[in-house]
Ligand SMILES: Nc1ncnc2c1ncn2[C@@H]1O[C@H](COP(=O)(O)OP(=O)(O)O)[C@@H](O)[C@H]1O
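The data below hold one chain only, encoded as structure tokens and taken in the form predicted on its own.
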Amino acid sequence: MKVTIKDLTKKFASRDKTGEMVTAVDTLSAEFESGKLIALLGPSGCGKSTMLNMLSGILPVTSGKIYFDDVDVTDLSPDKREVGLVFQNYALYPHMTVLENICFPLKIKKVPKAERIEKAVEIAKMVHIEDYLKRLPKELSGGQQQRVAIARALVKKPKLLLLDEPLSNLDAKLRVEMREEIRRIQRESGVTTVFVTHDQEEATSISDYILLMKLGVMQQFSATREIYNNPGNLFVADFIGNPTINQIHGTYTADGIKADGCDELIPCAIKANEGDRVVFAVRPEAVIFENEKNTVNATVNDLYSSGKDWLVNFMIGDTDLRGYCDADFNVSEGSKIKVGFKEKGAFLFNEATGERY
């Protein structure tokens, strides 16, 4: 099912009793392609869970429209939207077995017992919990409880599956396993899925598209690789990527960037206005060590093993930067080196506005 959002806005009364309204989501428009997994990504308080709750119908919208396959559902109640919702804490019924938990949405719809058990077993097999149907939630691990919650959401064949920070209660190893499982389940079911997270690694690892938000405003909505390779502004470039993108602040000149605290000009093929205060942002993998041309002097601070590569922490002027080099590269703490930058993975932004040149 395709989901279309037009100028969606949600405002709340402020908690300081001044009577002023706080905008949680600000005139957001986007279209979610049918059968895809979309990550709503951003820091805490950016409005992503508010977005999810408006899609589910739990929260009424202040203004704007929501369409499911071109049908206006803006004012429909949650039970009429054919939506499955998985909460952060899973919200399983502790006194019910796994089978009873999965069956419950069908029981509410008065589906005959034999039919709902058949459907529940089918979904349980899809999420790999068919061996735990007689257990209570307290007898399950966190990952197993999450699978039950997903199965309960899927058993009623929703047209839209909504996941609100579903991995936040799991340990690091299980988080990786379960995000891969969520991707597998989403592909097998084919249901359009919206996944809320503040973790960019989770978002980039399993989603088809990422909608990145900041203070209720959409910063970029792109395919997952596109948002990494072609960030629309400095916030996007900085938020997406691990390690985070290097930032060199300075003044733009026709001959290069005069970086703060550096006597040399840093070569930059991207054009800006003479005298503009800029941020030259470079992915760590776009750093070139010991390049013969277009280089600048640097000093190595630290080295970190990253499998077959070194992650080198180095300084250009007053700026602390990072880049990858081959493990055979002869470098050590305190070394003086030459550093250059590839064109791919390097971006130029206006320092004041964050807009990209």
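Residues carry their position along the shown sequence, with the first being 1. Everything numeric in this text was worked out from a predicted model, so none of it was measured.
What comes next is about the form predicted in complex with the ligand, which does not appear here.
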query: Contact label in the predicted complex: residue 339 to the ligand, heavy atom within 4.5 Å; finding: no
query: Residue 305 within 4.5 Å of the ligand in the predicted complex, heavy atoms; finding: no
query: Touches the ligand in the predicted complex: residue 332 (any heavy atom, 4.5 Å); finding: no
query: Contact of residue 15 with the ligand in the predicted complex (heavy atom, 4.5 Å); finding: yes
query: Sole residue of 295, 313, 49, 56 within 4.5 Å of the ligand in the predicted complex, by heavy atom; finding: 49
query: Per-stretch contact check against the ligand in the predicted complex, the hit in 22-30, 323-331, 297-305, 65-73 (non-hydrogen atom, 4.5 angstroms); finding: 22-30
query: Contact set, 212-241 vs the ligand in the predicted complex - heavy atom within 4.5 angstroms; finding: none
